[in-house]
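Just one chain is shown here, as structure tokens, and it is the form predicted on its own.
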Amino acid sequence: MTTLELTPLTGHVAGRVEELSLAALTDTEFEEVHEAFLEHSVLVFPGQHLSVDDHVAFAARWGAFSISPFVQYLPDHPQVLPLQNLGKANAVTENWHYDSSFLPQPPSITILSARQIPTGGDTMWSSQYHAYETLSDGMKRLLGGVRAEFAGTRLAKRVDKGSEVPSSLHPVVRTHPETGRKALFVGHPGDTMRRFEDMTTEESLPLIEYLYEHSTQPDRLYRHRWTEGDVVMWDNRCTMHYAIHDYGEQTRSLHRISISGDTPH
């Protein structure tokens, strides 16, 4: 029996954990958090106000750190990525995506710590378990064994590395290594998810566009309104997310730590 004060936030994804200090987490509490995380895919911990060292220590419980190309980490904490307001034109995360899906081994988990929050700047998550489970049996059969090319186009362009776009082939349906559940694994048509393996872009895009729209229907979403001190972690193996840029020139400061993942299967 869990002793966590956990409230489900939607019918399919996300839970809120109250009265728990991540900076003073016991091993027993961590095991309960781990179990709740696998069940809800997104966990919200309000009022944490973690120091950078506490953030790093909590994240280290989940595995080795994942480092992405094209971004700058804190010099004294090289696993911590500061997320700042770079303006709407440079908001590469204002689309539904998995973090760093272009890597051969995308991150498994992302943990955000909110430091300074504007009015606005919500983040949304979508359960890709539910996206897969609501496909027709025929579509599930069609997608079985299909791989797609995922590319880091948006990040590469932002740092003028458009000729050095990294990419990887991944299954469109992946099996979670801990839960055994299947999740839809897709990305923004054309720039993130380019094409299906052994198919042209023109042949691939109609189905990619359908799957992308299907994956983010309202019945599988959670939208988080940030407050300073929040910590939110999500499972990058079975959820997509979307960071909304509706806060103009206001300051928005969060710290991100990602945990290494395995090769999708």
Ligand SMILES: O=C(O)CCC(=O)C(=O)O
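All of these numbers come straight from a predicted model, not from anything done at the bench. Just count from 1 along the sequence shown to find any residue number.
One more form of this protein should be noted, the form predicted in complex with this ligand, which is absent from this view; the next part is about it.
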(message) I need to confirm a contact call. Of 155, 103, 83, 172, which residue comes within 4.5 Å of this ligand in the predicted bound form, counting heavy atoms only?
(response) 83
(request) Answer with one of 134, 116, 93, 179: the residue that has a non-hydrogen atom within 4.5 Å of this ligand in the predicted bound form. (result) 93
(message) Taking any heavy atom pair closer than or equal to 4.5 Å as contact, tell me whether residue 183 reaches this ligand in the predicted bound form.
(response) no
(request) Considering only heavy atoms, tell me if residue 97 and this ligand come within 4.5 Å of each other in the predicted bound form. (result) yes
(message) Since only the chain is shown here, I'm wondering whether residue 234 would be in contact with this ligand in the predicted bound form (any heavy atom pair within 4.5 Å).
(response) yes
(request) Consider residue 123 of the chain shown here, and say whether it contacts this ligand in the predicted bound form, taking contact as heavy atoms within 4.5 Å. (result) yes
(request) Indicate whether the candidate residues 12, 43 and 220 are all in contact with this ligand in the predicted bound form, with contact defined as any heavy atom within 4.5 Å. (result) no
(message) Using a 4.5 Å heavy atom cut-off, which of 192-200, 55-63, 28-36, 235-243 contacts this ligand in the predicted bound form?
(response) 235-243
(request) Note that this ligand is not shown here; using its position in the predicted bound form, name the residues of 214-229 with a heavy atom within 4.5 Å of it, in sequence order. (result) 226
